[in-house]
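In the form predicted alone, a lone chain appears below as C-alpha coordinates.
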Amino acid sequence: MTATAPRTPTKAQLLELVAALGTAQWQDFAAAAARHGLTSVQAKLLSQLKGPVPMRGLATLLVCDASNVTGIVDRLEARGLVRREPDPADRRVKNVVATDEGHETIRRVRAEMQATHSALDTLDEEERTTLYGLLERLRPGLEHRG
(Lines give C-alpha, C1' and ligand atoms only; values in the text may rest on other atoms or scores of the structure.)
Protein backbone atom coordinates (compact mmCIF):
# COMPACT_ATOMS: atom_id res chain seq x y z
CA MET A 1 0.00 0.00 0.00
CA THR A 2 1.41 3.39 -1.00
CA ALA A 3 0.87 6.49 1.04
CA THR A 4 -0.62 9.30 -0.98
CA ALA A 5 -0.68 12.96 -0.11
CA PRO A 6 -4.09 14.06 1.14
CA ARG A 7 -6.11 16.07 -1.37
CA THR A 8 -6.69 19.71 -0.55
CA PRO A 9 -10.35 19.99 0.52
CA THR A 10 -12.63 22.18 -1.54
CA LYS A 11 -14.36 25.20 -0.02
CA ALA A 12 -17.63 23.25 -0.29
CA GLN A 13 -16.15 20.42 1.79
CA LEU A 14 -14.83 22.89 4.36
CA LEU A 15 -18.20 24.67 4.53
CA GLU A 16 -19.98 21.34 5.04
CA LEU A 17 -17.59 20.38 7.84
CA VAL A 18 -17.85 23.78 9.56
CA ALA A 19 -21.66 23.57 9.33
CA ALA A 20 -21.71 20.05 10.77
CA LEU A 21 -19.43 21.04 13.64
CA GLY A 22 -21.44 24.20 14.32
CA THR A 23 -24.67 22.22 14.41
CA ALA A 24 -23.22 19.59 16.74
CA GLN A 25 -21.78 22.23 19.06
CA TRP A 26 -25.09 24.14 19.09
CA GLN A 27 -27.01 20.95 19.94
CA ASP A 28 -24.58 20.23 22.79
CA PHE A 29 -24.93 23.84 24.02
CA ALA A 30 -28.75 23.66 23.82
CA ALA A 31 -28.85 20.36 25.73
CA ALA A 32 -26.59 21.72 28.49
CA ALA A 33 -28.66 24.92 28.66
CA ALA A 34 -31.88 22.90 28.97
CA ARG A 35 -30.45 21.10 32.00
CA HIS A 36 -30.34 24.56 33.63
CA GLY A 37 -33.88 25.45 32.57
CA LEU A 38 -32.73 27.73 29.75
CA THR A 39 -33.69 27.78 26.11
CA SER A 40 -30.78 27.85 23.67
CA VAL A 41 -31.57 31.48 22.82
CA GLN A 42 -31.66 32.50 26.51
CA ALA A 43 -28.29 30.80 27.03
CA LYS A 44 -26.87 32.44 23.88
CA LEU A 45 -27.97 35.86 25.14
CA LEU A 46 -26.44 35.16 28.54
CA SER A 47 -23.17 34.06 26.90
CA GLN A 48 -22.93 37.40 25.06
CA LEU A 49 -22.92 39.45 28.28
CA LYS A 50 -19.24 40.05 29.00
CA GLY A 51 -20.22 43.56 30.09
CA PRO A 52 -23.22 45.87 29.68
CA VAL A 53 -24.92 45.43 26.28
CA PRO A 54 -27.76 47.63 25.01
CA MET A 55 -31.04 45.83 24.26
CA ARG A 56 -30.74 46.81 20.58
CA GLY A 57 -27.19 45.43 20.51
CA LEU A 58 -28.48 42.11 21.81
CA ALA A 59 -31.04 42.01 18.99
CA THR A 60 -28.17 42.43 16.52
CA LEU A 61 -26.09 39.70 18.19
CA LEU A 62 -29.07 37.32 18.27
CA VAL A 63 -30.16 38.28 14.75
CA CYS A 64 -33.72 38.99 15.85
CA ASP A 65 -36.12 41.87 16.36
CA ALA A 66 -35.60 44.06 19.43
CA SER A 67 -39.15 43.22 20.58
CA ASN A 68 -38.10 39.54 20.91
CA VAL A 69 -35.18 40.49 23.12
CA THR A 70 -37.54 42.13 25.64
CA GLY A 71 -39.27 38.82 26.38
CA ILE A 72 -36.02 36.89 26.59
CA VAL A 73 -34.53 39.45 28.99
CA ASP A 74 -37.77 39.52 31.04
CA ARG A 75 -37.52 35.76 31.63
CA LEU A 76 -33.81 35.88 32.48
CA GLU A 77 -34.37 38.85 34.79
CA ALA A 78 -37.18 37.01 36.60
CA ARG A 79 -34.69 34.23 37.36
CA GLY A 80 -32.08 36.70 38.65
CA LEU A 81 -29.63 35.93 35.81
CA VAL A 82 -29.56 39.45 34.32
CA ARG A 83 -30.55 42.97 35.24
CA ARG A 84 -31.36 46.07 33.24
CA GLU A 85 -29.46 49.30 33.89
CA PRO A 86 -29.76 52.73 32.31
CA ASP A 87 -26.83 53.57 30.04
CA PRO A 88 -24.74 56.25 31.80
CA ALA A 89 -24.30 58.17 28.52
CA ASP A 90 -27.98 58.02 27.49
CA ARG A 91 -30.51 57.16 30.18
CA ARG A 92 -33.11 56.33 27.51
CA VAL A 93 -31.00 53.28 26.55
CA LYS A 94 -31.30 50.18 28.71
CA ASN A 95 -28.23 47.98 29.04
CA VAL A 96 -28.47 44.35 30.04
CA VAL A 97 -25.88 43.04 32.49
CA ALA A 98 -25.37 39.46 33.67
CA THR A 99 -25.56 38.99 37.43
CA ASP A 100 -23.02 36.85 39.27
CA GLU A 101 -25.58 34.02 39.14
CA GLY A 102 -25.94 34.55 35.39
CA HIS A 103 -22.17 34.34 34.84
CA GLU A 104 -22.00 31.20 36.98
CA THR A 105 -24.92 29.60 35.13
CA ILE A 106 -23.39 30.12 31.68
CA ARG A 107 -20.02 28.87 33.01
CA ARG A 108 -21.75 25.66 34.16
CA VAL A 109 -23.56 25.30 30.81
CA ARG A 110 -20.23 25.48 28.96
CA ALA A 111 -18.59 23.09 31.43
CA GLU A 112 -21.37 20.54 30.86
CA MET A 113 -21.04 20.46 27.07
CA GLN A 114 -19.81 16.86 27.18
CA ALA A 115 -19.82 16.09 23.44
CA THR A 116 -17.82 19.23 22.67
CA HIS A 117 -15.36 18.58 25.52
CA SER A 118 -14.95 14.95 24.43
CA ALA A 119 -14.26 15.97 20.84
CA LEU A 120 -11.66 18.55 21.93
CA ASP A 121 -10.07 16.00 24.25
CA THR A 122 -9.13 13.92 21.17
CA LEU A 123 -6.68 16.66 20.13
CA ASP A 124 -3.19 16.84 21.54
CA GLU A 125 -1.66 20.14 22.69
CA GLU A 126 -0.09 20.94 19.29
CA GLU A 127 -3.34 20.19 17.44
CA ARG A 128 -5.33 22.39 19.85
CA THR A 129 -2.84 25.22 19.34
CA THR A 130 -3.07 24.85 15.55
CA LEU A 131 -6.87 24.68 15.60
CA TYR A 132 -7.07 27.74 17.83
CA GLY A 133 -4.82 29.73 15.51
CA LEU A 134 -6.86 28.77 12.44
CA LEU A 135 -10.17 29.60 14.12
CA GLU A 136 -8.81 32.96 15.29
CA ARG A 137 -7.85 33.75 11.68
CA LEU A 138 -11.36 32.90 10.46
CA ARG A 139 -13.22 34.66 13.27
CA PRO A 140 -13.01 38.32 12.14
CA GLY A 141 -14.44 37.56 8.71
CA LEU A 142 -17.23 35.43 10.11
CA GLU A 143 -18.18 37.88 12.87
CA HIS A 144 -18.18 40.93 10.59
CA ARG A 145 -21.72 42.24 10.29
CA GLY A 146 -21.58 44.58 7.26
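The numbering used is simple: start at 1 and walk along the sequence shown. Only the largest set of C-alpha atoms that superpose within 1.5 Å between the two forms is called the rigid core. If you're wondering where the values come from, they're calculated on a predicted model, not measured in any experiment.
What follows is about the form predicted in complex with another copy of the chain, which we do not show.
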{"item": "4.5 Å heavy atom contact, residue 119 to another copy of the chain in the predicted complex", "value": "yes"}
{"item": "Interface membership of residue 39, another copy of the chain in the predicted complex, 4.5 Å heavy atom rule", "value": "no"}
{"item": "Distance check, residue 97 to another copy of the chain in the predicted complex, heavy atom within 4.5 Å", "value": "no"}
{"item": "Residue 114 within 4.5 Å of another copy of the chain in the predicted complex, heavy atoms", "value": "yes"}
{"item": "Segment assignment from 97 to 105, 65 to 73, 25 to 33, 82 to 90: heavy atom within 4.5 Å of another copy of the chain in the predicted complex", "value": "25 to 33"}
{"item": "Those residues of 104 to 136 which, in the predicted complex, come within 4.5 Å of another copy of the chain by heavy atom", "value": "110, 114, 115, 116, 117, 118, 119, 120, 121, 122, 123, 125, 127, 128, 129, 130, 131, 132, 134, 135, 136"}
{"item": "Core-superposed comparison between this form and the one not shown, residue 23 Cα displacement 2 Å or beyond", "value": "no"}
{"item": "Core-superposed C-alpha of residue 13 shifting 2 Å or more between this form and the one not shown", "value": "yes"}
